[in-house]
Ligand SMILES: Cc1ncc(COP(=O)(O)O)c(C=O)c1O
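In structure tokens, one chain follows: the form predicted on its own.
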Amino acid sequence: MNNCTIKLPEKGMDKKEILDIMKSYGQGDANYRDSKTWSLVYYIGEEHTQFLKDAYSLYFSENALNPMAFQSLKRFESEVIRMTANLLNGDRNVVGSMTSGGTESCLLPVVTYRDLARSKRRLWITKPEMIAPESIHVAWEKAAHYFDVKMVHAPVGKDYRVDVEAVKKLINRNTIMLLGSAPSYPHGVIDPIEELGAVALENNIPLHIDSCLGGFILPFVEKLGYDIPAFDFRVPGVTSMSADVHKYGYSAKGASTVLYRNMDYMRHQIYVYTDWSGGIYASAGMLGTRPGGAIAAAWASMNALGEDGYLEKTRIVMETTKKIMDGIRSIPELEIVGSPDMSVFAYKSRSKKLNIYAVGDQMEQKGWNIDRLQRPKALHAMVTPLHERVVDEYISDLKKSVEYVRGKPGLASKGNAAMYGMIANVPLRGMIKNEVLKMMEDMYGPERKMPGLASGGPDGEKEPLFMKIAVKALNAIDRFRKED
């Protein structure tokens, strides 16, 4: 589509017609209402969704930029932070703010601890560093990039948890913060937070726990009697945490929280500028304007569900997760990656003869929206309460998909299986990065070329765009080797 041909209509369109067009645009979107997705959306039914819409609409136009103008929003935010702090075993000194989502809740601690280091005796730090597990969420990589903080990766062990001894060895005079996951997105495991806390205390370095995924479910997993290691403010060395309300808090997007053990830390998150001609400006987060509806809906969701509601949702989620993992384990060719602590996990092939990405392709042909990992090569899932109703269907389709792929090894060289396999194996990652950057430029450029299928594949088949990226990178490597 050529963006240049799109302009405002000369006359306003009929509102019903507009809504009909908008609905039609969504026909090809991921089918989350029928529990066919395993990420992105934490949908628990139309009744709760309508309730969130009503709560959001009550504060649809309100703006949390100025808490003095909309004191209702500040009250909602303060109560969400207090409820979250109590959930994560924080004392009365814990403070924080709501954010637009997990990414902002990852960005803010990096700039906070960078500026904290600058404000203290550590003025010699010109190249600040942060140490994180190699499994840390990519939002932290983005934060490091944005704020010119060097990301230092600590390896994970065979259990996919960060190697604490490796973390100790990576600490130097430039280290401004340590990171741990509760749980990690790829593998669903909780890093050894108590050990990390001891290291943080010994070296007087802040420790942030990324619990964007687990913050609103792990406390209830623990209450239900599951063996969950300490991961929150009970650990003395933990100085801050992040937890998304719009994930297992079942709120409207986008709503997350970032919490600090006390104001001595959070004060470095707050931005103040006093010399603007427009007046004195102060902001606690990245955003200026903040949608009031998202804050109000988060407060509404937490109060509507309450502890008993969250416990019941968590019980369903964990029992459903066990059924799904048991079903996967019943398939001889598959195995669960590591030992997940909650309802997010990955599974891989036991044999090189079975391409797990080809299994994912077959599942998508059966209507499932499948996420893929590259380290290790695996398929990924996050379980929500409504997945309870599709367990048998999912496992049945998975068994059929494995059986189909097992008998056709050539599928590994077709479709998304080939694309993911090639991209994961390209050694020069800079080439992949450049090709993906070009793809993004096309998507956001004047012609708005959306990624999808392009003609010209083998045997008349259509070739995925990412396949072209991988092929280009491999060809470039081949040319490089020949020239060398």
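Here the structure is a predicted model, which is why all the values come from computation and not from measurement. Residues carry their position along the shown sequence, with the first being 1.
Form predicted together with the named molecule: not shown, discussed below.
Contact annotation: the named molecule lies within 4.5 Å of heavy atoms from the stretch 246-254 in the predicted complex, the single such stretch among 296-304, 313-321, 246-254, 68-76. By the 4.5 Å heavy atom rule, the three marked residues M83, L88 and P219 all fail to count as contacting the named molecule in the predicted complex.
Contact with the named molecule in the predicted complex, defined as a heavy atom within 4.5 Å, holds for exactly one of V383, L213, I176, A154, namely L213. Proximity to the named molecule in the predicted complex, defined as a heavy atom within 4.5 Å, singles out one entry of P183, P133, P109, G96, which is P183.
The named molecule is not drawn, but in the predicted complex it has a heavy atom within 4.5 Å of H137. In the predicted complex, the named molecule lies farther than 4.5 Å from every heavy atom of G309. Contact check for G101: a heavy atom falls within 4.5 Å of the named molecule in the predicted complex.
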